[in-house]
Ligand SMILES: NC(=O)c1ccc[n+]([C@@H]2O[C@H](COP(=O)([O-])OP(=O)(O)OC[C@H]3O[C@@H](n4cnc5c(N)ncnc54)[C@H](O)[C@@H]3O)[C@@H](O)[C@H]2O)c1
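We begin with a single chain expressed as structure tokens, specifically the form predicted on its own.
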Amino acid sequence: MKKLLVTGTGGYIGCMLGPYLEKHGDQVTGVDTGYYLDGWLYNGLRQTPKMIIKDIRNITTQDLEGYDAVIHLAELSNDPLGQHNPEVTYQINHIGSVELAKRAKAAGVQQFIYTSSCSVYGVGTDDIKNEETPPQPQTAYAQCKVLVERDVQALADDHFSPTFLRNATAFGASPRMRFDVVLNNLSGLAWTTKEIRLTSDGSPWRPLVHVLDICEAVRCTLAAPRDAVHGQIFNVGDTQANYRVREIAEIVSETFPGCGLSIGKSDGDNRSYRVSFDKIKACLPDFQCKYTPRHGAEELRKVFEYIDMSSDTFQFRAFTRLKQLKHLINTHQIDEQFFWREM
């Protein structure tokens, strides 16, 4: 059993990861700033780990003492949100994450797992990207991922072992739902409007990975021999799960009965990347993605049926990261640096 600190356990992936690791025998403490605690789509977790409400920028070395590993998810969590205020994005996602790693190292934490993103690959042709491909980040969010990988990699030594998991675009059901990622968003539209209208031609490539497969990648990294993961970058997903956006839309429309589909024209968004996931399979042979996008769409349809999801629920601010942060700013609950204001 390992004693783990997981940041971001109030989020989409984190609320699934904590229970997943506890189920496999580890002791988990969660940390989250609490931005998205307004959103809870369904009761789907039997247990959740203890969670401390604290901004990662305020975590001290003393807070980190006694843990075997830190798994770091807690950042401003997508491209639109990062572009909303790039300066604050850099302060939280880059500086905040690197400082957290430094404090973890100072506290004697031996392993640090950072959840990066395949969005670092940015733009390109139909060529498949791998971990050796030079990143081409197009947004503040993706640029910060590259900077954290660089700066935390420099901290690696005999006593501090970082690993970087570049996740594909996540999908699948989570109580702390996100409807601002592509498959989840299209599924919500299919359920509430019976129609998917792509404003673009749907040609950009996106690699997809189920939220529980991300959890499994973290578990396998924790369980792997140190030499297999020390200082390594792994793309997390399945090479067979690279899809054009229009193909994702077709899968969703086929899964939701009576859902129409229309395709638009190119909208100028040049983010497009196909990704190889051969390295993680070679280095972590226990890792294997279990869920396809079709499984994910079917899972979401069942959840929507179970809760009889309304359009108001689908559009609720807490299930879209940028909407929720704008709400907290506009209501003066957080300040210009995204720290909570005192009442």
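The structure displayed is predicted, hence computed values, not measured ones. All residue numbers refer to positions in the sequence shown, first residue = 1.
Not pictured, yet referred to below: the form predicted together with the ligand.
The partner is not drawn, yet in the model of the complex one stretch among 63 to 71, 302 to 310, 32 to 40, 285 to 293 has residues with heavy atoms inside 4.5 Å of the ligand: 32 to 40.
In the model of the complex, the ligand stays beyond 4.5 Å of every heavy atom belonging to Gly18. For the chain shown alone, Asp26 is not a contact residue for the ligand in the model of the complex, no non-hydrogen atom being within 4.5 angstroms. Contact annotation: Thr169 falls within 4.5 Å of the ligand in the model of the complex, judged by heavy atom distances. Among heavy atoms of Ser116, some come within 4.5 Å of the ligand in the model of the complex. Residues Tyr141, Lys145 of 133 to 165 are found to place at least one heavy atom within 4.5 Å of the ligand in the model of the complex.
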